[in-house]
Structure formats: C-alpha cells, structure tokens
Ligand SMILES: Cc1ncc(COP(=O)(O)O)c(C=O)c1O
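As structure tokens, one chain now follows by itself in the form predicted alone.
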C-alpha cells in the first residue's frame, strides 16, 4: 500500500523527546520557549506563541482581536471543519464566501461584498499550503477596518512575493497567522500549533489566554528566589504545548527547508507525469506564490465519479483523500448557523466533488509516483467507460 501521507521523523526527534522527558520538565517550559524563538526566526515574525493545536490557535486569535457573540467572521466553507468551528467557538457567525477555482482559496473580490456592520474579522485559509492572495485581502481588511487572520495550518514553508522578495507565510501579512503541527503537515509535533504576529500586545494576550489567564508563567515562578503568587486576570483556556512536543518540533524545524525542496521536486514530477493523463488537471501556482505542496490536489474532468476513482485506486494499493470538505454541507452547520452572499458557494462545492488528493510525502519514491499516476489513469478511464 502506498500511504496518502507519512511524517518525516527519525532518531533526532526521538532523542529530543528523550532529552525533554529526562529533564524533569515535560509540560510547557524551556523547550517551548526555545521552539517559539526558533520558529519566529524561521518565518520572520517578531512574535510566536506555541499552543496545543491549530484549532486552539484559531480560537485564541479570534478572541484576541475582539470577536465576540453577535459578531460575524468572513471565511470559507471550503476548509477543514476546524476553521468554521473556531468561529462558532468564539460565539460568532461564519459568513462563507466562495473560492477561486484555480487556487481553491478565498476569492478576495467576494470578501468586500460580504462585509457588514457586524463583521469583526476575515479568516482566510492558505488551503493545502497554497498561499492566498494575501496582499489583496490585506487591502480589503485595512479599508474596512477589520482584523485579518491567516489560517496557515497547512502553509509552513510556503511563500508569497512581497516588497522585499519572497516572504514566508507566517511573517504575518495579516494581524495573526496560525499554524498546525498535525502529522499531515510538513512539520509535526504529533499535534500542536503556533500563532505568529507583529504585535507585542497580541502576543502577550495569547500567552495569558493559553494558560488559564495566569499572570505568572510556570517558568517564572519556578525560577523565582522569592515567593511568587499568581493571579488570574480573566477566564481563559488550557491550550499549552508540552516540552516533549516542542523538543520534537525544534528538530522538525531543522528539516523544513529540505522538506519543502523535496516536495517541490515531487510536485514538479507529478505535473510532468499527469500531462499525459486524460481527464485530470494538475494544480499550479500563481506567479506570486510558492506553495510547500503540503497536499497535491488534482481535478477530475466533468462526468467522472470521484469516489469510484478513489475506490479503484485503493483497490490498486494507492491511498488518496477526497477534495477538501465544505462546512455548509455538513450536519454540524444547518441553515441558520451561517450565511453567504448572493454569489453562492458553487465553486467550493465543485472543488469538493471534483478534486482528489494524491499521495505526497518526503520519502515517496519515483517508482511509487509512477504507480500512483498509472493507477489514477486506469481509474479515470474505467470511470469514463462506466
């Protein structure tokens, strides 16, 4: 079986976890602080705050910019359900706008029309690692006076072209960027997340919110030579990352440049192989973006049965995943729990129905890639004839 994904992790990460375990400090502590510093340096962000997962990061980001019950947050339905869930968790109403058919990302032209007097933030998603048109979104957010939060769960190592050349996602280009370290992502700590920002006030708020609103950190209390009694400034959350996770993350961060380079090589080879396959369109980058190719989403021609193609490939020993889901079609989001504009969400729905994610991971071999594409071609031909 060729798996859909596989983390690139080895003895260095095992040794790092062992180091943290044997240190006697295994919850949020010095390894977390070091990981934050190293991550912020890697993406060019002044501040980075580690948390338990990206959903926690998204929730904290929304709360930190003032999203509250009764507010609206403009985002996409075409994303992993956590994006919409974080909006609801903050008490706000998701306002879904459609995606651009080529990049599968939020369409900036539709965002401005979706803004209302209740809009507090725009939550854009760098879908599957492909950067949004963040420059256009930032202009809309500034003009409308709303916060811009980047769901960069998939986008560590991705870049956009900016005034200073190629700039990493996470700098950030909005107010806050949120990352995931789930095993499906390039950089994995088992689970975990990170928020980056340019603003010291937001970073300070993150650190308060992630640890029950406690005004004195564990490390500060532990290092104190005089008695320290903490206070709790506001009701908050337990969204901390452990030092074991952070130690693994520090080793993973060292691998990141090689991970991105390898995935870009694999994506280029997929594109060349797929050029000869009928009924399949390969993804492509806009000229202002460099994706990390966290996932490789191909689009099937009209008339092909997505599930039949995937089942045929699974029978061939090739694991795939369906296109990114749309929250508004899920039972968790019945009518009344979200709204959209007159433009509708048809492009999002078509993307869910017509795309398939192919296996892509660091150690995927050329022979395995050949097998994947051969299986895809057979499955498409069979679906077309039936």
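Source: prediction; values computed, not measured. Residue numbers count along the first chain shown, from 1.
One more form of this protein should be noted, the form predicted in complex with the named molecule, which is absent from this view; the next part is about it.
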Legend entry - Contact test in the predicted bound form: residue 61 vs the named molecule, heavy atoms, 4.5 Å: no
Legend entry - 4.5 Å heavy atom contact, residue 53 to the named molecule in the predicted bound form: yes
Inset, instruction - State yes or no: in the predicted bound form, is some non-hydrogen atom of residue 80 no more than 4.5 angstroms from a non-hydrogen atom of the named molecule? - result: yes
Inset, instruction - Look up in the predicted bound form whether residue 192 has a non-hydrogen atom within 4.5 angstroms of the named molecule, and give yes or no. - result: yes
Legend entry - Contact residue in the predicted bound form, chosen from 290, 210, 263, 182 - any heavy atom within 4.5 Å of the named molecule: 182
Legend entry - Contact residue in the predicted bound form, chosen from 153, 122, 169, 241 - any heavy atom within 4.5 Å of the named molecule: 153
Legend entry - Residue stretch of 72-80, 225-233, 103-111, 138-146 approaching the named molecule in the predicted bound form, non-hydrogen atom distance within 4.5 Å: 72-80
